[in-house]
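Here you get one chain, nothing else, as structure tokens; it is the form predicted alone.
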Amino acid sequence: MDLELRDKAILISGGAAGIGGAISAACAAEGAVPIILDRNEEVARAFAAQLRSVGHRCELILLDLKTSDDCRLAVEDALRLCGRIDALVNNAGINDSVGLEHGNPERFAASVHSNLMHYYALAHYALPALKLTSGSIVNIASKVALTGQGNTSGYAAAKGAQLALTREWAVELLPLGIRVNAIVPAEVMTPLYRQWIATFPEPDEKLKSIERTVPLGHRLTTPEEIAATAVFLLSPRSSHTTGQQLHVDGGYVHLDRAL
């Protein structure tokens, strides 16, 4: 199926690795131009070079989205590089373990800020360009917003807010024809996830215990499976889908995990 993404400029935060990297690669494979927004210069340059080595187009913006000015500059750079923005993927973030007991109000506020502010700011600054293209926005959220995890209050609050903003923006942007949807992953095997697993005394056993909780196939979701849903939501093929939360999680949230 042609997803009609050829030549579309798609700004992807955290777009050089993990879920973001898989989305960038999937967009490039469809003939789109992923604008890879990432703070890790070494990883981002290597990833962009890899895409280009197989004939894909991409652009690269190296920024750490700490402030609203950083987000404004990212959008300005994207427009300078491509002249347009057809879609935005809000993805960058980290589960930073700022909990209720093992944390404090200042760390909580910082966690919410670092995981949420750039979702709003990038959408805000990209909106004039998205109006011109009747573009779309995809927010990458997390099952933590719905299931809880423990010891990660800041991250959970930010992810819950991302789901709320998805619905809010979908309503606000209806008259403009801009669609807004969210993807809700659960357990996804990314480089950061591998690092986390490695912190346990018996990593292989820990991974197996987690895999057993995923009803479909008793395995973790791959970043490519998240990306496949993302490119569909970004494309005109999903032209009547907005305000939705799509769970790509092997049934983790909605099915009995004892299955």
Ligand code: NAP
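This structure is a prediction, so every number in the text was calculated from the model and none was measured. Start at 1 and count along the sequence shown; that's the residue number.
Beyond what is shown, the protein has a form predicted in complex with the ligand; the following relates to that form.
Heavy atoms within 4.5 Å of the ligand in the predicted bound form map, among the stretches 228-236, 198-206, 60-68, 211-219, onto 60-68 alone. Contact check at 4.5 Å (heavy atoms) against the ligand in the predicted bound form: all three of 93, 188 and 193 pass.
Although the partner is absent here, residue 119 sits close enough that one of its heavy atoms falls within 4.5 Å of the ligand in the predicted bound form. When the ligand is considered in the predicted bound form, residue 141 lines it closely, a heavy atom lying within 4.5 Å. Interface residue remark: residue 50 is not counted as part of the site for the ligand in the predicted bound form, having no heavy atom within 4.5 Å. At a distance threshold of 4.5 angstroms between non-hydrogen atoms, residue 155 is in contact with the ligand in the predicted bound form.
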